[in-house]
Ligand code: CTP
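Take a look at this single chain in structure tokens; it is the form predicted alone.
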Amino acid sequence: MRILVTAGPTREYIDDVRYISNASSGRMGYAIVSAIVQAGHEAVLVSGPVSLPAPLDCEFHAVESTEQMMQTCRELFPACDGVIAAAAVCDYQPKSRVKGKISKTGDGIFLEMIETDDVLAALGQCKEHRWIVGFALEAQNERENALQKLRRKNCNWIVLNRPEAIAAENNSVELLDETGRTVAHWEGPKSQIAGDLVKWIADQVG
């Protein structure tokens, strides 16, 4: 199989030096890429800015903004069998970016925010014969929100995890299918969960 993986955060700039982002380390996505390669499949990684070295033996594409991730994934997805979307994409961006650097004046500033493009939903719209595994990081109404995300974005399965997973070495996740049923539950090091996830997908679609 040839599998597209998204990983890490995206950044949305307020001015030329400040940006909005999140605390995603990219560890889960990078562990998935390593598991894909170890299982003998091809991995295509689209990664936001992280401190991790690019995994060996994969096709690597570095991006920064949500728009860049969207464009890159749209270009790469048609040549892949499926996608595992582990990236923590920014949901909002400033309506306009200020050129240069905003100077301190002693007063507060107000930012008008708009939604970013939805990378996972865009891939779901052009899925056709390909499969999609999404990730849902939820803090309340966890299963309900994850299932809504799965259906709204046309995923085949979705990995439900929680805020404790951010930048952690270990994780605990549930894999939900389109009916809302938990088809798998894994916990432990992210490398182990990644291996279990890749094996499970290969068993289903291979």
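Sequential numbering from 1, following the sequence displayed. Because the structure is predicted, anything quoted here is derived from the model rather than measured.
This protein has a second form, the form predicted in complex with the ligand, left out of what is shown; the following refers to that one.
- The single contact residue among Val63, Val50, Leu137, Val44, judged by any heavy atom lying within 4.5 Å of the ligand in the predicted bound form, is Leu137.
- Among residues of the shown chain, Thr72 is not one whose heavy atoms approach the ligand to within 4.5 Å in the predicted bound form.
- Taking non-hydrogen atoms only, Arg151 never approaches the ligand to within 4.5 angstroms in the predicted bound form.
- The closest non-hydrogen atom of Cys90 lies within 4.5 Å of the ligand in the predicted bound form.
- Partner proximity in the predicted bound form, defined as non-hydrogen atoms within 4.5 angstroms of the ligand, places exactly one of 151 to 159, 53 to 61, 176 to 184, 23 to 31 at the interface: 151 to 159.
- Residues of 107 to 123 that come within 4.5 Å of the ligand in the predicted bound form, judged by any heavy atom, are Thr116, Asp117, Asp118, Val119, Leu120 in sequence order.
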